[in-house]
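We've got the same protein chain twice here, in two forms, each standing alone as structure tokens: structure 1 and structure 2.
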Structure 1
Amino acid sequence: MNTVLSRANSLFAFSLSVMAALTFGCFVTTAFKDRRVPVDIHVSRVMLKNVDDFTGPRERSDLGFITFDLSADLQPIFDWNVKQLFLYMSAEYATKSNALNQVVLWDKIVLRGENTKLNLRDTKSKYFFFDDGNGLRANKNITLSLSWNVVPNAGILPLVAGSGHISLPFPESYEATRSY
């Protein structure tokens, strides 16, 4: 004869098994969906300064400032298994000391139910664009791209790159810095 606790344990274990199977079924329905959308990035202003770097030896490093326009319709990404998107724009470039440099310049979290159409005009980078040396000056190939992480209700956390990017050159000379 089974006790009440034994029956409750069996019911609980069966319920967890059913929930796990349903969760896996939910994951499979959206696991192979293409989550790329077209992205339009336009840079309106690029400025470069050579500033003191206080993180290491007393050297000067390049600091870039970018003003950009960004437009994208993220509505096709959202379905019933998407809680939110973590968007970020990054810059990739090569220098003499590093074959690949990646710097995040801007980010945003878009929750389900919020406006999914991005239409940003004259937006400044949210984070500093520091180089660990002088690799930004006269660099002819700095690529800006928008990527995102899809945060699902159930399943893996995919990293998706948008289908648009822009490559731009940085100035050959520094802007004059003022001393205060």
Structure 2
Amino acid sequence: MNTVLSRANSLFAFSLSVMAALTFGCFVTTAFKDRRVPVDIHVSRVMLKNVDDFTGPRERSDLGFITFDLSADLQPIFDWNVKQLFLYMSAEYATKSNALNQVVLWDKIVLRGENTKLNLRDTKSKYFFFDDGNGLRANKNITLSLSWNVVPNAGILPLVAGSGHISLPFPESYEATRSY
């Protein structure tokens, strides 16, 4: 500690260690928090088509179009350890050829400081709802649910399922729209 550089080195290393301990403390204060929030989903329109799918192994696959309403209040999730939320809405269903299918239809990133009350009306799905085959037609049970990834400042990234989902059957024939 005789020279300025030696003192500066010692001081800087100590500060970094203290900062690391504070970051760990920040993680510990929010590690076991429950990050679920009630979510309300409502579907207004579903349309089904059978189109050429160039990305799959077969000629034509089912393509669904969903128009939905979404409302949730995400304010309780944000605390001092949350940087942003990655929300995504997915559809889950079973077909004759595949036991479990999950397709992401819509997503959004909510940063800290932005409006946390989610209130969407008549939103069209962002991504194509292609099926691996022709399993969407006359499917009795397709479940839509909203989930999110919490991106923290320090710690683990939990994947949380919102506590609200809606199940709906798809139309019997192609090009036919069904309103709810």
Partner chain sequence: FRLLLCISSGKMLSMFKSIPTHMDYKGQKLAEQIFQGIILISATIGFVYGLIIEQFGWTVYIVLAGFVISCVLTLPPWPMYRQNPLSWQPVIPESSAEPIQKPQESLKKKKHK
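Throughout, residue numbering runs from 1 along the sequence of structure 1. We call the rigid core the largest set of C-alpha positions that still match within 1.5 Å between the two forms. As the structure is a computational prediction, the values presented were derived from the model and not from experiment.
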Form predicted alone, given as structure number:
1
After fitting the rigid core, is the C-alpha of G56 off by 2 Å or more between the two structures?
yes
When the two forms are laid on each other by their rigid core, does I156 show a Cα shift of 2 Å or more between the two structures?
no
So, with the core fitted, how far does F14 move at its Cα between the two structures, in angstrom?
4.0
